[in-house]
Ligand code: NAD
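First comes one chain, alone, set out as structure tokens in the form predicted alone.
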């Protein structure tokens, strides 16, 4: 039996990852400050711990794990990351977690260590054109992320790579591009664009309007959670030592994303643009390297992932015993 530790198991991706690993027959310990919000974890052992504390990190790695997935971070959507109000906490909290977990992995002799980095590490100057963003892995330097969240992720990448070089550790790094799906944050300020727009569409009356930050022409790509998990496991168990994008190449403008969700919901809605944090003008995953190194890349369409995501968020808004909104097939 393979013994696996998932740090950040109370969060969206970590919660889904625990379920995937359990389905493979692994023994899984999950650790987080909180338990998953929307359904119970299937982890064999779930530890409530603050990984910013080195003693807590060492206690969670009280044995040798075959695989350690380090997903724990202080993060959120544009409203949290780009407001500027949370920069110090984001950098401090995430840096402490990575330093502590990585040192505990080194001391306990962990087999393989996975780190979830982010597309936010890419230079802002390569993402000013919404139609032609440049996010190939080799373009990360010269460094110029558009947020302190991105700067901390870039530092952490170098931290894991240095430990691999100096201590012979097997580290794998994925640069995630906007992962979404059911059981992710959908309100409260930390939700990302797909979940926020699903909530707004579900709350809107047919023929009404919803508000969007910015002019709606900024572009992104979004990856469904199942594809993220598949790419994560393939990368973890590969011989690829360099950071790799895990994301979709199906780029879409935020206006178009909102209208696609409205169509899924069977609603006719108008869009009202208001000031708000938007991040870079364009971002899209470049999947040439993952295709070359892993012989695989995500293929599921954006719409295929939005249908179950919208259905789940609409159900959260439905009154107890009420009727959920119809979903367009």
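Just so we're clear, the structure is a prediction, and the values are computed from it rather than from any experiment. Numbering follows the first chain given and starts at 1.
Another form, the form predicted together with this ligand, is not on view; read the next lines as being about it.
Checklist entry - Does this ligand get within 4.5 angstroms of any non-hydrogen atom of residue 272 in the predicted bound form? => result No, residue 272 sits far enough from this ligand in the predicted bound form that none of its heavy atoms falls within 4.5 Å.
Checklist entry - Could you tell me if residue 50 has a non-hydrogen atom within 4.5 Å of this ligand in the predicted bound form? => result Yes, contact at 4.5 Å.
Checklist entry - So in the predicted bound form, does residue 14 come within 4.5 Å of this ligand, heavy atom to heavy atom? => result Yes.
Checklist entry - Using heavy atoms and a 4.5 Å limit, would one call residue 32 a contact residue for this ligand in the predicted bound form? => result Because a heavy atom of residue 32 falls inside 4.5 Å of this ligand in the predicted bound form, the answer is yes.
Checklist entry - Heavy atoms within 4.5 Å of this ligand in the predicted bound form: which stretch among 201 to 209, 129 to 137, 249 to 257, 69 to 77? => result This holds for exactly one stretch, 69 to 77.
Checklist entry - Taking this ligand in the predicted bound form as the reference, which of 118, 86, 232, 147 has a non-hydrogen atom within 4.5 Å? => result That would be 118.
Checklist entry - Which of 160, 186, 82, 176 has a heavy atom within 4.5 Å of this ligand in the predicted bound form? => result Exactly one residue meets the criterion: 176.
Item to check | Site test, 10, 97 and 192 vs this ligand in the predicted bound form, non-hydrogen atom cutoff 4.5 Å | outcome: Checked in the predicted bound form: all three residues contact this ligand.
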